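Next up is one chain by itself, shown in structure tokens, the form predicted on its own.
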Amino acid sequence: MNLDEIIQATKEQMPHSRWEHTLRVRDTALQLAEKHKLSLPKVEIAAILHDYAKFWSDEQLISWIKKYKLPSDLLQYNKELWHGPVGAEVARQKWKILDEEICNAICYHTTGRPAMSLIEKVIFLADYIEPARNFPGLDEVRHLAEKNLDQAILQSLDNTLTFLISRGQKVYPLTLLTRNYYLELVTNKAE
């Protein structure tokens, strides 16, 4: 696995604006990783690859979901969720990345999951708080991310759920499980 090759191949998968987002996610993730003493190379790879399959056609994403037996319930929810699990499988199949922390960080960067590793938390939050993002509640999550990743995750998920519900959209069950997990975790730590 060659990082320069991964960077070039990822850049070719997406429009320039999404590549700029990817670079901001990488930079944000590396800042968080330094603060939490994480492996910078692992975080960088996960950040670069997190949106690898974001602009693939629906047919291509569905093909990978079926071929690699990814959770088929994904297909019942917003297609914006599909690229994470597919991207993780691309990391395994194309780039031979077998590090589960890297693959899980790619896989769950949109939905989250209960008991995320530190690398998963960093990629999840970096994607959410990167500097060009701008929406209600974001500043609070950025502030929390500097102090407590679990609280930041909980607030980001609360914001996401509020957004989806306000638009009458379905919520992926794993996102609800993740929110409830971090609610309990944060509440128990506060007691």
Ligand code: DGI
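A residue's number is simply how far along the shown sequence it sits, counting from 1. Keep in mind that what you see is a predicted model, and the values were worked out from it rather than measured.
There is another form of this protein, the form predicted in complex with this ligand, and it is not shown here; the text below is about that form.
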| query | finding |
| --- | --- |
| Answer range among 48-56, 27-35, 140-148, 61-69 for contact with this ligand, defined in the predicted complex as heavy atoms within 4.5 Å | 48-56 |
| Candidate site His21, Asn78 and Leu164: all three near this ligand in the predicted complex by heavy atom within 4.5 Å | yes |
| Any non-hydrogen atom of Lys170 within 4.5 angstroms of this ligand in the predicted complex | yes |
| In the predicted complex, Asp127 touching this ligand (heavy atom, 4.5 Å) | yes |
| 4.5 Å heavy atom contact, His83 and this ligand in the predicted complex | yes |
| This ligand contact at Thr175 in the predicted complex, heavy atom, 4.5 Å | yes |
| Residues of stretch 83-114 in contact with this ligand in the predicted complex (4.5 Å, non-hydrogen atom) | His83, His109, Thr110 |
